[in-house]
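So this first bit is one chain, no partners, the form predicted alone, shown in structure tokens.
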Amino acid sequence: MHTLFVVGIGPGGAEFMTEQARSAMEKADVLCGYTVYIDLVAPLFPGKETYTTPMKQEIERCRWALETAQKGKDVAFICSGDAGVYGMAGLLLQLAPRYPEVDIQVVAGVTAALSGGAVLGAPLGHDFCVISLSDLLTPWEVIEKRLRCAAWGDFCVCLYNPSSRKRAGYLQKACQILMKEGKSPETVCGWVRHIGREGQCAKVLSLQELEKEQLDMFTTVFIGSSSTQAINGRMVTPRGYEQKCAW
């Protein structure tokens, strides 16, 4: 039986990869993935066979990886961030029953909510939820319902895929929904672009200011809860320790 490693590489820089991820890529005969992700890891493994496909060919890419493993090669399927958070682990496991001779091993990675949160400070110090604003696979009505529920629950919210050329106004709509459902316009928010890569930049701002920002798919957005604070330029969501001691 041959192995298909589904590897989360984090933001992409070598320093963000776990030892387990590096080990899986070393063991693999071939690295498979979206072209941009393979470009990030291929220099670390010179001479290693690679297979890439562009965006929107996820099903074909997964089938190729499973077929290649079934034919006798160990494959590392590369995902950015974590392999299971908006990654390909789920789809590969859905297809797995058709390839009984392939052993699938999911290798965790640092997702953008965590790596981006570290850049901003500690925005996810208490309960939070992660929502993608991409309606490519999820109807906008479902996304809107989840935003409303997040506002009602006073969760910190991490938004993936906040905007693109085809979805230019989605972040603005999301901010409006959150404010309509109870989040204050002064809620502390932040965003990080190109997390862990060249050109990384970040900003802490209010929810009403965030509504006017022009961001893109390379940006991860953080919207605080009612307790989130801006402290020395960092975004912090207290967990409640301050209630147990004198400051």
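All values derive from a computational prediction rather than experimental measurement. Position 1 is the first residue in the sequence shown; the rest follow in order.
Below, we turn to the form predicted in complex with another copy of the chain, even though it does not appear here.
Interface residue remark: D74 is not counted as part of the site for another copy of the chain in the predicted complex, having no heavy atom within 4.5 Å. In the predicted complex, another copy of the chain lies within 4.5 Å of some heavy atom of V110.
Heavy atoms of K48 never reach within 4.5 Å of another copy of the chain in the predicted complex, leaving it off the interface. Not displayed here, another copy of the chain is kept clear of D216 by more than 4.5 Å at the level of heavy atoms in the predicted complex. With respect to another copy of the chain in the predicted complex, the three residues D82, D127 and G153 uniformly fall within 4.5 angstroms at the level of their nearest heavy atom. Partner contact region in the predicted complex: 58-66, out of 174-182, 31-39, 58-66, 206-214, criterion any non-hydrogen atom within 4.5 Å of another copy of the chain. Taking another copy of the chain as it sits in the predicted complex, the stretch 1-32 comes within 4.5 angstroms of it through a non-hydrogen atom at A14, E15, F16, M17, T18, E19, Q20.
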